[in-house]
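Let's start with one chain on its own, the form predicted on its own, as structure tokens.
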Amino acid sequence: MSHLFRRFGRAFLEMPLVVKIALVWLVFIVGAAIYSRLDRILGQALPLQDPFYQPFLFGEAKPVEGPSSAHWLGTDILSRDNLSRLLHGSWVSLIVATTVVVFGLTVGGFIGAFVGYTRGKVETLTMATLDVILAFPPLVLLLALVAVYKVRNLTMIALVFGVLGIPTYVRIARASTLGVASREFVQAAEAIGTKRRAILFREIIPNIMPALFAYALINAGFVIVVEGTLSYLGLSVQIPEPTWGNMINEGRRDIRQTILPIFWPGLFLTLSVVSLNLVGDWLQQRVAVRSSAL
């Protein structure tokens, strides 16, 4: 464990400043999402305002207040605290992005490595099936599932995103496997009679995972944008559950009065996607250097 921390420390020091800032922002978003979920589980026991409470209904506040000591990022048209809603909304983005990454790395990574190493008819049949799936726009399929089957809860939305993301990961894992399988260390393992299953799990998969993970970070940013788009259209997690997309949708109706309810979720969404892309690009460069050294 200490060895891993030392490696991470060296990698962090080697990062450009802008990538370090991006990584710090991502850590903040993940921490904020977990903190807000704990606050929900503990019944608002933590020092974070209730994202659903509308004090103006009880004469306790005015709609659309600016930033203050009570509301650091102001309130929306219903007097709900913007900061609290942003932090709770980050949980939705985190769950959807994490589900896609986990499904892609585990299911897509394994299938791609397996067919890329074994080759033959299994590879041909698998890739032909994936080509058919990829030919159908995933966003259209997602919209159809949401509209027809009324899939609006976070669990189902995340699972649908995760399953639809698998084919792309399979193709990337297969392409990486084709390159790794021709390396000397794989050929040496085959020459001494190592079982193919052992080669797959000990030599192939560990060497394709860095490339997959680098892509996963960039793909997570795309997924967050898609989920935000669905939320904006009212086709993702239903109101009043706060998400960055539906916060923008709710705030647009009062944009002439104030832009803050739109600005803050838009800023969080933009910074998160840009940060994921910056870290993903940096990791891809590291993977490329490492691959050339193998």
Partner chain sequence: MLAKVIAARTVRLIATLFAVSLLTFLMVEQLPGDPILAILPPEALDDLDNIERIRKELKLDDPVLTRYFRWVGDALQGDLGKSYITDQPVSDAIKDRIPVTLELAFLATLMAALLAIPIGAFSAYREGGYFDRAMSGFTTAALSIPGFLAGIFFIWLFTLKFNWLPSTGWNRITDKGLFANLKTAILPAGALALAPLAINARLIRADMIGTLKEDYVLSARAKGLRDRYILMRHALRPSSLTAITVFALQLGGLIGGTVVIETVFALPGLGTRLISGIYQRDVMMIQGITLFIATIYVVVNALVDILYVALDPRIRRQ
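Think of the rigid core as the biggest set of C-alphas that the two forms share within 1.5 Å after superposition. Since this is a predicted model, take the numbers as computed values, not measurements. Numbering follows the first chain given and starts at 1.
The same protein has a further form, the form predicted in complex with the partner chain, not shown here; the description that follows concerns it.
Taking the partner chain as it sits in the predicted bound form, is Pro242 near enough to touch it, meaning that at least one heavy atom pair lies within 4.5 angstroms? Heavy-atom contact with the partner chain at 4.5 Å: absent for Pro242.
I'd like to know if Ala191 sits close to the partner chain in the predicted bound form, meaning any non-hydrogen atom pair within 4.5 angstroms. So Ala191 does not count as contacting the partner chain.
How about Tyr232: is it within 4.5 Å of the partner chain in the predicted bound form, going by heavy atoms? Flag for Tyr232 set to yes.
If you check in the predicted bound form, is Gly266 within 4.5 Å of the partner chain, heavy atoms only? Yes, Gly266 sits close enough to the partner chain in the predicted bound form that at least one of its heavy atoms falls within 4.5 Å.
If the cut-off is 4.5 angstroms on heavy atoms, which of these, Phe136, Phe185, Trp72, Phe201, is the one near the partner chain in the predicted bound form? Result of the distance check: Phe136.
Only one of 153 to 161, 140 to 148, 203 to 211, 92 to 100 gets a heavy atom within 4.5 Å of the partner chain in the predicted bound form; which is it? Of the stretches listed, the one contacting the partner is 140 to 148.
So which bits of 238 to 272 sit within 4.5 Å of the partner chain in the predicted bound form, heavy atoms only? Ile248, Arg252, Ile255, Arg256, Ile259, Ile262, Gly266, Leu269, Thr270 sit within 4.5 Å of the partner.
After superposing the rigid core, is the C-alpha displacement of Pro137 2 Å or more between this form and the one not shown? Yes, the C-alpha moves 2 Å or more.
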